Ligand SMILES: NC(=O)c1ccc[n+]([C@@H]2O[C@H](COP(=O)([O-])OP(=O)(O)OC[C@H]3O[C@@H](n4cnc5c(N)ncnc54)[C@H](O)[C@@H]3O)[C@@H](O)[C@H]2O)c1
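Before any questions on how it binds or moves, here is one chain, the form predicted alone, in structure tokens.
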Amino acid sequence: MEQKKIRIAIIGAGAIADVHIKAYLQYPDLCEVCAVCDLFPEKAEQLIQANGLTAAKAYKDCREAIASGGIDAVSICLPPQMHAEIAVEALRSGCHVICEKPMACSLEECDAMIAAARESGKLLSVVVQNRCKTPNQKVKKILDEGLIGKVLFATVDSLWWRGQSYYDLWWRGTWDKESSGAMASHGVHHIDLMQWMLGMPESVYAVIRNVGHDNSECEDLGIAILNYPDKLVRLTTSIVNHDEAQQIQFNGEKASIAVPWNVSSNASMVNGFPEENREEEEKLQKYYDDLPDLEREGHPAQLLNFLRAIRGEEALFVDGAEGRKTIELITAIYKSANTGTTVTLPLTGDDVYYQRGGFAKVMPHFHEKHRSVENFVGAKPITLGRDVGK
């Protein structure tokens, strides 16, 4: 029997919502966007008109759309402080959920979302579109195959640039609403890739600062050392780098590889100094080149997986438990930076940083927010990183 189209509601009509809509529109045989919801319904209506969503209705209250009984799944494209509440309500109402990053503002909220999915029997997924990029998939394959030997040291540069006005939006740059600065709002992309490729560390030590954004309580620069039993990872997250030169580099026993793709290898001369090992470099280059490119990448690839998982045709690529790992690592980084101590993982439920309210109360205010706008008018489409998937 032919399955019915999956009826989708887009919750939140900000910039990322258009990315979700355009991805869903690539699969007209599988789904149909039936609702777009936003506190500013004119924004929802604009998205409907711009994308020719003839079957969609604009809603001010997403709960009304969910309660209509005509929705099978929702894409949550809201500010982070609303993710958990809406996800839990949607799951309990019988909807499958895919939620934009960061998954939630606290581990407590992540666990509430995971519990609601388990109790409802519905799917919960978290957007990690950069895992669905060809270079990242190829590098992970090389690591999984052990082709560079044991990884000894890795560096993660999640470097971005955002102007002062970025934090004028009412919810950004506040611990109680955004629950993060650069580390979770931007670094989340590379932190997720790193822990997907290497797993979770045993402990972290971190420092955070606000060096260039006076309308944000939160950090715009952070450096963390992630400690594994047999290696170290140095992570830098910034929104003050004009070149936005993003990369992840893995240094192994036999060679170093990186995204954006780069490979280098040295052999030891008799005195221990290096000489280029072109044979090893050429071998790894050929292996990389011979791996197939993904048929689809980014949001379209992950949302297709979400739709197929709903239909029971394939396993969910990233579920709530997997998405939670990245939030736990970011939380540990914040705890370390705030306490000046090395923080051991995993974090426990009685930790003040586990709870959203407790976390917001203890984090430092680098500045007090003094400008606020409800919406940006006339802005161009957002950028999603220069080098994260090259």
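From 1 onward, residues are counted along the sequence shown. Since the model is a prediction, treat every value here as computed from it, not as a measurement.
Although it is not shown, the form predicted together with the ligand is what the next lines describe.
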Site superposed, the ligand placed from its pose in the predicted bound form: open or blocked, blocked meaning at least 3 ligand atoms within 2.4 Å of a backbone or C-beta atom?
open
Options 35-43, 355-363, 319-327, 341-349; stretch whose heavy atom lies within 4.5 Å of the ligand in the predicted bound form
35-43
Does the ligand, in the predicted bound form, lie within 4.5 angstroms of each residue among A13, P80 and H189, using heavy atoms as the measure?
yes
Among Y287, Y205, W261, W170, just one has a heavy atom within 4.5 Å of the ligand in the predicted bound form, namely W170
Taking the ligand in the predicted bound form as the reference, which of R131, K101, K138, K122 has a non-hydrogen atom within 4.5 Å?
K101
Should V127 be classed as touching the ligand in the predicted bound form when contacts are defined as heavy atoms within 4.5 Å?
yes
Select from 265-300 the residues with a non-hydrogen atom within 4.5 Å of the ligand in the predicted bound form and write them out in sequence order.
H299
